[in-house]
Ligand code: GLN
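Here you get one chain, nothing else, as structure tokens; it is the form predicted on its own.
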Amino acid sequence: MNTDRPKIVLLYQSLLGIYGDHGNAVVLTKRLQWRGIDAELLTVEPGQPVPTDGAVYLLGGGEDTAQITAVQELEADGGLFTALDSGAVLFAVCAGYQICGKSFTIGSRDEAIKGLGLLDTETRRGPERAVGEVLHIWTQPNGNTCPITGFENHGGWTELGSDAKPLAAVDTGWGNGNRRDEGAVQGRVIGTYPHGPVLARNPQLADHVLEMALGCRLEPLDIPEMTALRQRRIEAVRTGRP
């Protein structure tokens, strides 16, 4: 990993890019650049080699059949696995989160499809679709709690095994489907359901991902407009206003 010019690698936008989750990669890049760090944003599509020297890799949401193709392409390439072994961080949203697990199903089919095996999770079709604004409570590494806001839209419900830990506790919404926990964390892999993009709406989480990748503490960024918008979204969910 090049820490002098960290690479933010957006994977397979043509397959897993229909919910605007590419914004997460832009957010990470900008938050480094605003601090004077010369970050580089790379987009890698199926058939192109996945670089092994990235700092953060990102997967987004997509349609069911695209998940199968993404797994096949990533396994055939192997670059993501090499990067993670070298200390990179993977941040995966919705469909991207599901394929990081041991297995998942698509649509109305009950056939379990092998995932990337990066998270000790299994995803199956839930009895109803989880749709709407969410509010989750994330416990930061320093022990302080921080709300996570976003928008969920997923039919799969995810169960965590013993090696994966929830990213957050559910306040409002479905989360992993049980209305108790949301997302999964295992080693240097983070999976979560909310769109938004979620890192645009939750700068503390964005900086956490960057600090994991770079192995250093980042100075806070004071952006009053972003703070005000974030607070309005939190209040809207808590009061039931759109």
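Here the structure is a predicted model, which is why all the values come from computation and not from measurement. One rule holds for the numbers: they count along the sequence shown, beginning at 1.
Omitted here: the form predicted in complex with glutamine. The next part is about that form.
A.B. asks: Although the partner isn't part of this model, could you tell me whether residue 166 comes within 4.5 Å of glutamine in the model of the complex, counting any heavy atom of the residue?
C.D. replies: Judged by the heavy-atom cut-off of 4.5 Å, residue 166 is well away from glutamine in the model of the complex.
A.B. asks: May I ask you to state whether residue 45 is within 4.5 Å of glutamine in the model of the complex, using heavy atom distances?
C.D. replies: Looking in the model of the complex, residue contacts with glutamine do not include residue 45, since no heavy atom lies within 4.5 Å.
A.B. asks: Is residue 64 one of the residues lying within 4.5 Å of glutamine in the model of the complex, judged by heavy atom distances?
C.D. replies: Residue 64: yes, in contact with glutamine in the model of the complex.
A.B. asks: Indicate whether glutamine has at least one heavy atom within 4.5 Å of a heavy atom of residue 95 in the model of the complex.
C.D. replies: So residue 95 counts as contacting glutamine.
A.B. asks: Based on heavy atom distances of 4.5 Å or less, which listed stretch (77-85, 132-140, 111-119, 149-157) is in contact with glutamine in the model of the complex?
C.D. replies: Looking at the partner contacts, the answer comes out as 149-157.
A.B. asks: So glutamine isn't shown here. In the model of the complex, which residue out of 195, 208, 201, 188 has a non-hydrogen atom within 4.5 Å of it?
C.D. replies: Contact residue from the list: 195.
A.B. asks: Can you list, in sequence order, the residues from 15-38 that come within 4.5 Å of glutamine in the model of the complex, counting heavy atoms only?
C.D. replies: Going through 15-38 in order - heavy atoms within 4.5 Å of glutamine in the model of the complex - there is one hit, 19.
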